[in-house]
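Here we start with a single chain on its own, the form predicted on its own, put down as structure tokens.
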């Protein structure tokens, strides 16, 4: 298939491009550098609303992963605006362009996040669960609605509600490795908040599964079926690294320094069940946390040694 991918330089996008090409697909990257566009790339600039729709004609699928890093900076008013616009406006641009093609793709797979559910304590949430409250919940609702023009044009739309994607190469796990290797790791706040995670290799395979399985549409929880509390996650990661993890971080200082970002990303509890993937018989390679972390770390160290 000919598959277009935005956000292809990010953690998930770069792994997805490699996986698609390994499976024999023609994976086309959308890039923002107008001066150096390779033959296997298409230029676009979502901030300026620039997208050459003619180059989208005849593609089989579009995977839209682009967006400002949500935990890269403090959530000032300006940063929230950047986070919102980088997701919602770019999705609107793509959905509108796809809806007007004479030969549109069969599927538009667009990122979202489990932030849609908000802080839910120990409650198990599924794709049909109601929306939560907070900045992330509101953001995810608008993000998913922005893809509606594509759906109205008859294109199958999948909203990927990502949980915490684990990889030593980036994201949360990369940030945790340094303190944990120094024996300075520990639970955040009470440690009882649920973390809904998925390994990078299962996340990529889940995206491919959503592209190729034409029965899947709407929101899809991209998480493992085995969420754990923050305290459990801390304990397992420390065990895999052969370290102790007894240095707890109180909630107060986190809230004082990071404000809303701490409440919605670090201390919020979201226990998510991947109902649609399991009902469609998606096969996880590592549904449990410890085997997933051991494989991730082993492959990471092997790749480092091979360079």
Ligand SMILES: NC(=O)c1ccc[n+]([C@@H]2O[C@H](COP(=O)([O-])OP(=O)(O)OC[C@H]3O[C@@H](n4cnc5c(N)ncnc54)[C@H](OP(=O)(O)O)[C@@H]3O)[C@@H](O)[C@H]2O)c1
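Positions refer to the first chain, counted from 1. No experiment lies behind these values; they were computed from the predicted model shown.
Not on display, but discussed next: the form predicted together with the named molecule.
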The named molecule isn't shown here, but in the predicted complex which of 229, 151, 213, 86 has a heavy atom within 4.5 Å of it? 86
The one option of 11, 289, 296, 20 with any heavy atom within 4.5 Å of the named molecule in the predicted complex is 11
Which is the contacting stretch out of 101-109, 120-128, 185-193, 164-172, given heavy atoms within 4.5 Å of the named molecule in the predicted complex? 164-172
Check for me whether the named molecule, as it appears in the predicted complex, comes within 4.5 angstroms of all of 225, 275 and 278 - heavy atoms only. no
In the predicted complex, residue 26 touching the named molecule (heavy atom, 4.5 Å): no
Would residue 147 count as a contact of the named molecule in the predicted complex, using a 4.5 angstroms cut-off between non-hydrogen atoms? no
Flag residue 94 as yes or no: does it have a non-hydrogen atom within 4.5 angstroms of any non-hydrogen atom of the named molecule in the predicted complex? no
Evaluate residue 143 for contact with the named molecule in the predicted complex, applying a 4.5 angstroms cut-off between non-hydrogen atoms, and reply yes or no. yes
Where, within 52-88, is there a heavy atom within 4.5 Å of the named molecule in the predicted complex? Residue list please. 65, 66, 67, 68, 69, 70, 86, 87
